[in-house]
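Okay, here we've got a single chain as structure tokens, the form predicted alone, with questions on binding and movement later.
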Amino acid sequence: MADRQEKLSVAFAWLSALLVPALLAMVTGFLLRRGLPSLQVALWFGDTPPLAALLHGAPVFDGIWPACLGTLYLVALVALMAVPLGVASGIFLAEYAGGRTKLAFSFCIELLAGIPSILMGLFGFALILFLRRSFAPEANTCLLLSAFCLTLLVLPYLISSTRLAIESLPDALRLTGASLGLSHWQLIRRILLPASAPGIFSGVILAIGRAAEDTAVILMTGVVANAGTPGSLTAKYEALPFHIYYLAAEYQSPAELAQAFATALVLLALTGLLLLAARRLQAGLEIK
């Protein structure tokens, strides 16, 4: 009886493990079938000559090139704001906070992680209304506001991954630092952080993926159709997730719907490249 239950458990585990790549293959195959015929130069640049757009910054109105740049700018801004703050907060929780302080901060992080993305977008929109009525009547939704709201959305991943990566290190590392006469900060900077870097990068990978694909937050905080390449942090912008949503909701012909599927393929590829780059960095840290 026990042997039979073990075989059933192993079979169920194998089926569960195979289900994820099977579903991924199905979704990818569907997108390839519907979107691959539209993956042409016109999808990227419309009627604008590619060299003029790439080298001279010519405006692109009928292609996804501005949306690709907007997505990259958005992810870069989120990383610049979220990674230092998230890592520093994780270090504080793992090494400095204790007792009720640690419980209170942990509760706040869990609460922040449970906030739906649409509420974070509404928070950004309400923040602009508050600024307009208070002391900045020119305030408007923009690229910087979207990056700020997405930073709040992905911070729990970074804080939790940093905290767990540091707390899971063996006590022998801390004893080694103490035996060398290192101060607490020197122990963290020279021993704990390098040893926990692969785990911290796991949170960075999750944050990059979430920032690149989220639609609800940017929908309320600055993304618009046909905005072009953002000229500044306070400008409107385009992004691939919103472009897909806009085409799928407002398409006027089968060709436009096919462009939405092709754009989804581009977003999938872009997110995959970003995650692959983060994984390569993580693997390099693990080797060291």
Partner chain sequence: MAARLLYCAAAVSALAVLAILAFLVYFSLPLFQGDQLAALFSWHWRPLQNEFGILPMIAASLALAVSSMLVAYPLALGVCCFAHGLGPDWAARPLLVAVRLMSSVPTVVYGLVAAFSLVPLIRGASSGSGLCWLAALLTLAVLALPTIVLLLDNQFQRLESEIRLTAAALGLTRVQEMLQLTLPLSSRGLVMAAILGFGRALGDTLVPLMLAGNAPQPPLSLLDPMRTLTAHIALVVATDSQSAAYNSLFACGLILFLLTVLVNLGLRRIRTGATAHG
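Since this is a predicted model, take the numbers as computed values, not measurements. Positions refer to the first chain, counted from 1.
Omitted here: the form predicted together with its partner chain. The next part is about that form.
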- Message: So if I measure heavy atom distances to its partner chain in the model of the complex, which of the stretches 52-60, 257-265, 229-237, 38-46 falls within 4.5 Å?
- Response: 257-265
- Check each of Leu127, Leu80, Leu72, Ala136 and return the one that places a heavy atom within 4.5 angstroms of its partner chain in the model of the complex. Leu127
- Query: If you check Ala147, Ala165, Val204, Ile159 against its partner chain in the model of the complex, which one has a heavy atom within 4.5 Å?
  - Reply: Ile159
- Query: Any of the heavy atoms of Leu31 lying within 4.5 Å of its partner chain in the model of the complex?
  - Reply: yes
- Query: Do Gly114 and its partner chain come within 4.5 Å of each other in the model of the complex, heavy atoms counted?
  - Reply: yes
- Task: Would you check, heavy atoms only and a 4.5 Å threshold, whether Leu275 touches its partner chain in the model of the complex?
- Result: yes
- Could you confirm whether Ala248 comes within 4.5 Å of its partner chain in the model of the complex, counting heavy atoms only? yes
- Task: Would you give me the residues of 4-31 that have any heavy atom within 4.5 Å of its partner chain in the model of the complex, in order from first to last?
- Result: Glu6, Ser9, Val10, Phe12, Ala13, Trp14, Ser16, Ala17, Leu19, Val20, Pro21, Leu23, Leu24, Val27, Phe30, Leu31
